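First, one chain by itself in structure tokens, the form predicted on its own.
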Amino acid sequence: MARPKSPEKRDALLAAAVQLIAEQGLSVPTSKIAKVAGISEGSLFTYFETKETLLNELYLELKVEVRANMLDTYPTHASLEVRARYIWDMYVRFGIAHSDKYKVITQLSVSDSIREQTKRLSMEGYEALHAMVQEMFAYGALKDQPYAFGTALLLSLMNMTIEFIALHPSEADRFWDAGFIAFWNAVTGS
């Protein structure tokens, strides 16, 4: 009879993957991930059948964490600008506070290793965000643009803001506000 899988070992593998992917990129070998987790490489494959499976499960875990961070206290009934600023602030704050996780999720989001099914699953629970984005894009300069273009613009500006804050921490407030104002003006045409 097979031994039950340990949630602690699985978590250790995912934490090691975050650390090493943030440092070395997606090509980091599974042997290094297992070593940092304090687990044999063979045991890694008990928890994750392939490296691709590990990356897909890691992506989902990180997306769930980002979603919880962004949406658990989402101000559903606030004005559009307040809701947009809330999402902006929560995403940028996550990227700064959890720089390794931010680096990894950014890499995984453009990786060919992430399956379409994983991408679909990763979007579950973001309904309030999607509704807000659609509401924003009903006005201003982006009103005739595809939804995917608008969300890519939002993510690009948030990611650029996080990168500038990381490079210039003494000017964090300046870049944080300037990034949001640039996005808000693009959306509203102000």
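Only the largest set of C-alpha atoms that superpose within 1.5 Å between the two forms is called the rigid core. All residue numbers are counted from 1 along the displayed sequence. Remember, predicted model here, so these are calculated numbers, not experimental data.
A second form of this protein, the form predicted together with another copy of the chain, is not displayed here; the remarks below concern that form.
Visitor: Only one of L153, L44, L129, L62 has a non-hydrogen atom within 4.5 angstroms of another copy of the chain in the predicted bound form; which is it?
Guide: Looking at the other structure, the residue within range turns out to be L153.
Visitor: Using a 4.5 Å heavy atom cut-off, which residue among I39, L142, M70, V133 comes into contact with another copy of the chain in the predicted bound form?
Guide: It is L142.
Visitor: Just one of 62-70, 142-150, 31-39, 48-56 has heavy atoms within 4.5 Å of another copy of the chain in the predicted bound form; which?
Guide: Checking each option against the 4.5 Å cut-off leaves 142-150.
Visitor: Another copy of the chain in the predicted bound form: within 4.5 Å of a heavy atom of each of A16, Y102 and S122?
Guide: No, the candidate spot makes no contact with another copy of the chain.
Visitor: At 4.5 Å between heavy atoms, is K9 in contact with another copy of the chain in the predicted bound form?
Guide: No - in the predicted bound form, heavy atoms of K9 and another copy of the chain never come within 4.5 Å of each other.
Visitor: Can T118 be called a contact residue for another copy of the chain in the predicted bound form at 4.5 Å between heavy atoms?
Guide: Heavy-atom contact with another copy of the chain at 4.5 Å: absent for T118.
Visitor: Quick one: is A97 in contact with another copy of the chain in the predicted bound form, heavy atoms, 4.5 Å cut-off?
Guide: No.
Visitor: Examine M160 and determine whether its closest non-hydrogen atom to another copy of the chain in the predicted bound form is within 4.5 angstroms.
Guide: The answer is yes: M160 has a heavy atom within 4.5 Å of another copy of the chain.
Visitor: Just give me the residues of 18-39, first to last, that have a heavy atom within 4.5 Å of another copy of the chain in the predicted bound form.
Guide: Q24, G25, in sequence order.
Visitor: Return yes or no for A34: a CA shift of at least 2 Å between the shown form and the other one, with the rigid core superposed?
Guide: False for A34: its C-alpha shift is below 2 Å.
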